[in-house]
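One chain comes next, on its own, written out as structure tokens in the form predicted on its own.
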């Protein structure tokens, strides 16, 4: 199987990401709805915004897919009137780039829970760098910052690792992913790890 992106790969990634863009747009109000609960509970659901990269990569499994997926999903969210404005595009680029770099470190050969969870954590790191730069979290006390980052990491692993693999496994079971890529039994079994 060629590792180069074909037009079909790009189009499928954009279609997947458009779905995530719609989900991201819906997620914004939910994020603000749980924010008043305090103790950074909202950070437990923040990981959804990194999920397009890992879910698309698990389906297409080629270099560039994670970055393309996050950029396309954030663009879709922006075009649907994201409450975060243009900033959502910057976050999408950085989060996708950080996920891509982690997957590149594995030479795009690992498709298991550990690899996609680490890709999600890498996206999380990118978002935290932007948060610090934008001044969102610079004034938090140490215990509060640890809670903030800890909850975001937990949510990231859940969404980009556990949920992304569960969704792709469900799609694998229907056979729909065979329409967009040829998968070997070894690839399929790696999702069970």
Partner chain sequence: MHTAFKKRWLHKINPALKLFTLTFLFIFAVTIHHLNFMITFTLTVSILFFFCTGQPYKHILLFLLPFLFVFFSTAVSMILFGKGETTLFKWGLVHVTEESLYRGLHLGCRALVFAMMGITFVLTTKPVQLFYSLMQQLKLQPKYAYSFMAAIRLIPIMFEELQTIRDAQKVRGVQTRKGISSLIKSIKSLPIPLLSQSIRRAFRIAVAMEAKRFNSSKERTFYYKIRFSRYDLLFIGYFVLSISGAYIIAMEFPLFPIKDVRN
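Remember, predicted model here, so these are calculated numbers, not experimental data. Residue numbers count along the first chain shown, from 1.
The next section is about a form of this same protein that is not shown, the form predicted in complex with the partner chain.
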Mind checking whether each of 11, 15 and 136 has a heavy atom within 4.5 Å of the partner chain in the predicted bound form?
yes
So, residue 157 and the partner chain: in the predicted bound form, are they within 4.5 Å at any heavy atom pair?
no
How about residue 84: is it within 4.5 Å of the partner chain in the predicted bound form, going by heavy atoms?
yes
Is residue 78 part of the interface with the partner chain in the predicted bound form - any heavy atom within 4.5 Å?
yes
Would you check, heavy atoms only and a 4.5 Å threshold, whether residue 72 touches the partner chain in the predicted bound form?
yes
